[in-house]
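The chain below stands alone and is given in structure tokens; this is the form predicted alone.
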């Protein structure tokens, strides 16, 4: 069995709930329907330039899938998949320990105490600077002329010298908010139910209920959590 530290799995956010610990305290948790995923391709250094494993998640409607993708997934003995993701491996030996057609489930994350969860955040549309960037706004007292939610002056940041015909790049202004790829790191794994393909993690994860997620073992841990993981 390959090392769990280099295994990833896709899933779907079910929703948030609360979990009661043994001492009676309750913590906010997110329930994720993780997998099952099917390995659709094993990539090696000689053929692809790097070592990795590609997998598919969730069956797609055949009429919406192009023929090359149908043939690609058929080589793995599975129906066309809606989502394809991959994770890197340290070497070809590790990558070839996976087999095309192999099923990845929550049980493959056994022994992992902390995971990184990646998803697409909720789209907020066009928002002003106070909501988008947490600006304080102007004074809302007498004489401000209903400008208390504006961004304030931007002319002084026209260029790095403070003059010029264009706004300085990166200037925080009103615009589209949300709908971005967001990763929440080092979430505690509270419970895993392989029979129902459910993974329960502490705290919130990006996106709405039903949103697609990418789950992998945490790549960066602070010392306290690193000790917990090493003892697992």
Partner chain sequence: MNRTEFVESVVADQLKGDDQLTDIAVGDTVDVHYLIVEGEKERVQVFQGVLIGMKGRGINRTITVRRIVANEGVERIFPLHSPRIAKVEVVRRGDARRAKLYYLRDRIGKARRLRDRRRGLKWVGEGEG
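All figures in this text were calculated on a predicted structure; none of them were measured in a lab. Residue numbers count along the first chain shown, from 1.
Same protein, other form: the form predicted together with its partner chain, not shown, and the subject of what follows.
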{"property": "Interface residue in the predicted complex among 173, 70, 184, 198, criterion: non-hydrogen atom within 4.5 angstroms of its partner chain", "result": "198"}
{"property": "Answer option from 31, 205, 42, 38, heavy atom within 4.5 Å of its partner chain in the predicted complex", "result": "31"}
{"property": "is_contact(residue 221, its partner chain) in the predicted complex, heavy atom dist at most 4.5 Å", "result": "no"}
{"property": "4.5 Å heavy atom contact, residue 64 and its partner chain in the predicted complex", "result": "no"}
{"property": "Its partner chain contact in the predicted complex: residue 214, any heavy atom under 4.5 Å", "result": "no"}
{"property": "Sequence-ordered list of residues in 167 to 193 near its partner chain in the predicted complex, where near means a heavy atom within 4.5 Å", "result": "none"}
